[in-house]
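Okay, here we've got a single chain as structure tokens, the form predicted on its own, with questions on binding and movement later.
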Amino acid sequence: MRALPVGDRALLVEVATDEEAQALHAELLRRRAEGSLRAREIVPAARTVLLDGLDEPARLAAWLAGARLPPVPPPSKDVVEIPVRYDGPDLADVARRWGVSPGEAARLHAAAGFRVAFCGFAPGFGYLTGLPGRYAVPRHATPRTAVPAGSVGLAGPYTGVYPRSSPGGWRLIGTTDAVLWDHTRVPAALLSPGTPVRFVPVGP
């Protein structure tokens, strides 16, 4: 674990794996909640966590250098269920890569328990972990110029849902009518880091 200064009051903490990033994020949130850490923002990514608004970044960096992280704690939030139709244009290709039928690929995906590791790319877009590593699939070499809103896709170890139409190279396995981002809702994002997610198959 390495803490790099970012300006006068921020640190970018680098870790080795996405699981370590999730564990560090959870531990920092816990410390802020109990009052032993003062930070305005704690933002996770794939293998980093950014802390901003720190009073003593050098002191925190010294603690992080020798810290041992506890495992990722059980989710403290309610499970968000996302209804999904497994009708994506890449479902057959994903099933072939997994060595199963399209129906079995849909069943395997829906059976997994997911967790939002971090958010990015577009407002409301969460990078969800939970599929076993053997089911990781590569992005398309040439991205689509437009992916419809509500598309459920896979890329590497992650599952994601496109909150709006945008270009994208993820392999699309389904669609949902769930609204991932609504600026009139509080909070606007349906998903946030640490949120447990389950995909619920529905008919056409």
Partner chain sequence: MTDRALVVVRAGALTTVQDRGRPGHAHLGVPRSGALDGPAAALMNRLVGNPPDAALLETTLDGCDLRPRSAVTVAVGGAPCPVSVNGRPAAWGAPVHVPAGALLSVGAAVSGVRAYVAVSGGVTVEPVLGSRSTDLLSGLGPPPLAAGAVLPLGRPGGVHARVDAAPQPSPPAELVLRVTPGPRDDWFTATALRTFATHTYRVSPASNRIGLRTEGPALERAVEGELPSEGMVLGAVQVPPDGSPVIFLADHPTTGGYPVIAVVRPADLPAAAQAVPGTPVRFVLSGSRRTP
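For clarity, every value in this text was computed on a predicted model and none was experimentally measured. Superpose the two forms; the largest set of C-alphas matching within 1.5 Å is the rigid core. Residue numbers count along the first chain shown, from 1.
Beyond what is shown, the protein has a form predicted together with its partner chain; the following relates to that form.
Asker: Name the single residue among L37, L50, A155, V147 that comes within 4.5 Å of its partner chain in the model of the complex, judging by heavy atoms.
Answerer: Contact check passes for L50.
Asker: Of L54, I42, L172, V161, which one comes within 4.5 Å of its partner chain in the model of the complex, counting heavy atoms only?
Answerer: Checking each option against its partner chain in the model of the complex, the one that comes within 4.5 Å is I42.
Asker: Would L4 show up as a contact with its partner chain in the model of the complex if we use heavy atoms at 4.5 Å?
Answerer: Contact check for L4: yes, within 4.5 Å of its partner chain in the model of the complex.
Asker: Any chance L24 has a heavy atom within 4.5 Å of its partner chain in the model of the complex?
Answerer: L24 lies outside the contact set for its partner chain.
Asker: Check P123 for me: does it contact its partner chain in the model of the complex (non-hydrogen atoms, 4.5 angstroms)?
Answerer: Yes, P123 is a contact residue.
Asker: Taking heavy atoms and a 4.5 Å cut-off, does C119 contact its partner chain in the model of the complex?
Answerer: Yes, C119 sits close enough to its partner chain in the model of the complex that at least one of its heavy atoms falls within 4.5 Å.
Asker: May I ask you to list the residues of 157-188 that have any heavy atom within 4.5 angstroms of its partner chain in the model of the complex, in sequence order?
Answerer: If the 4.5 Å heavy-atom criterion is applied to its partner chain in the model of the complex, 157-188 yields R164, W181, H183, A188.
Asker: Taking the rigid core as reference, does the Cα of D177 move 2 Å or more between this form and the one not shown?
Answerer: False for D177: its C-alpha shift is below 2 Å.
Asker: Tell me, please, whether between this form and the one not shown the C-alpha of V161 is shifted by 2 Å or more, with the rigid core used for superposition.
Answerer: No, its C-alpha moves less than 2 Å.
Asker: Would the C-alpha of A26 be classed as shifted by 2 Å or more between this form and the one not shown after rigid-core alignment?
Answerer: No, shifts by less than 2 Å.
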